[in-house]
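Coming up is one lone chain in structure tokens, specifically the form predicted alone.
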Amino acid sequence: MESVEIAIVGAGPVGLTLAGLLAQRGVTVAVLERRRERSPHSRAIGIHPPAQDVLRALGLGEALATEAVAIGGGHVFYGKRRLGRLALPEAPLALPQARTEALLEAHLETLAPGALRRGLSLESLTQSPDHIELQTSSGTTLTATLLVGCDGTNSSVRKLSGMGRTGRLYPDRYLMGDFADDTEFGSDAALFFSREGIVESFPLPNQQRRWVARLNERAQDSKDLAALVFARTGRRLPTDTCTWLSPFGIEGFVAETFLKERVALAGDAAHVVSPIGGQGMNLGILGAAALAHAWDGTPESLKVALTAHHKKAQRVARRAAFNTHMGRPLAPLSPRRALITLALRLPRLSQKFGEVFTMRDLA
């Protein structure tokens, strides 16, 4: 029977960040991950400034500066008409999640060799007054002072520990794809509002660009996505360069608590927010940092920090729901159109919008 101070289930960006921060402080960790290999695909690409601060403190600042694209602002359109450019007070970074995970995994191996165990999942758990006992899919037993579930929206840790959650599924559907970048936007993003729904465009490393379109009809391949983009923006996508395509829906859930006895939750296991605005992974990284910094060897040490993060997650969930609403079909004379125009014209409102978009107001 192996014993560690903290066991983590899930080796996504949040679980690996948490493990690295704890190992940096000398805490013994084990990370269980059911996938034998990392997924090569990346839904999450944005790293906002507060999450950048966490990753720099972990030692990844140089790698981020070398590999990521710094997004300085965003061009805003209504259909084919350009309304203006929104400058951001601090640049979010664009880096595919798969690459972020690779950097985190390699760094964890230098801090705590062998801490990541791939091909293992959690089968059951038993809590005792002074420890928690985990049964894994390999038949082995692992004991820990604390278990942290970073295992996604269908978290086995959350379910096995009896933590409920509240929220709902949204009717909105989107299609995203990565293409060669033949636009004039450079390292800027672009948002196209329209009567049919939003189209978003973000730069990626290696002269790639991600396009995301809200669906109001059936679409399933790169030609469908290109047709939607052309109809709403007048821009043609180089469909023969598409390297990845993925449909997705919108959901919003927050666990009723992030701490129950010797079990804590982080990342999508704790909170799932709309990906519109790119705040989900970043919120998870901030939660990992809050947990790691508060830990002093007992679950009680986490209560204040995780209660505060729970309130922050509820706030971000409301914000993400607003972002989703803004991306729905937009009439030319609607109040939402007026709000967009004001955000571009009024410096104070523009600054506030930039702070909210980059999540700096949560730091």
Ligand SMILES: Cc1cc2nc3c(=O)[nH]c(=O)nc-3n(C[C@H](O)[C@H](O)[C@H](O)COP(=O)(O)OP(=O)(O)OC[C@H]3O[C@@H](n4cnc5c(N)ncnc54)[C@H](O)[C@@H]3O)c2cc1C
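Numbering starts at 1 and runs along the sequence shown. Note that the structure is predicted; figures quoted are calculated from it, not measured.
One more form of this protein should be noted, the form predicted together with the named molecule, which is absent from this view; the next part is about it.
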Segment that reaches the named molecule in the predicted complex - one of 31-39, 329-337, 53-61, 290-298, heavy atoms within 4.5 Å:
31-39
Check for me whether the named molecule, as it appears in the predicted complex, comes within 4.5 angstroms of all of Gly10, Ser121 and Gly267 - heavy atoms only.
yes
Which residue among Ala317, Leu302, Ala44, Val69 has a heavy atom within 4.5 angstroms of the named molecule in the predicted complex?
Ala44
Exactly one of Leu134, Met281, Leu108, Leu225 has a non-hydrogen atom within 4.5 Å of the named molecule in the predicted complex; which residue is it?
Met281
The named molecule contact in the predicted complex: Val14, any heavy atom under 4.5 Å
yes
Should Gly177 be classed as touching the named molecule in the predicted complex when contacts are defined as heavy atoms within 4.5 Å?
no
Is there a non-hydrogen atom of Pro92 within 4.5 angstroms of a non-hydrogen atom of the named molecule in the predicted complex?
no
Is Pro96 near the named molecule? Define near as a heavy atom within 4.5 Å, in the predicted complex.
no
Those residues of 230-249 which, in the predicted complex, come within 4.5 Å of the named molecule by heavy atom
Phe248
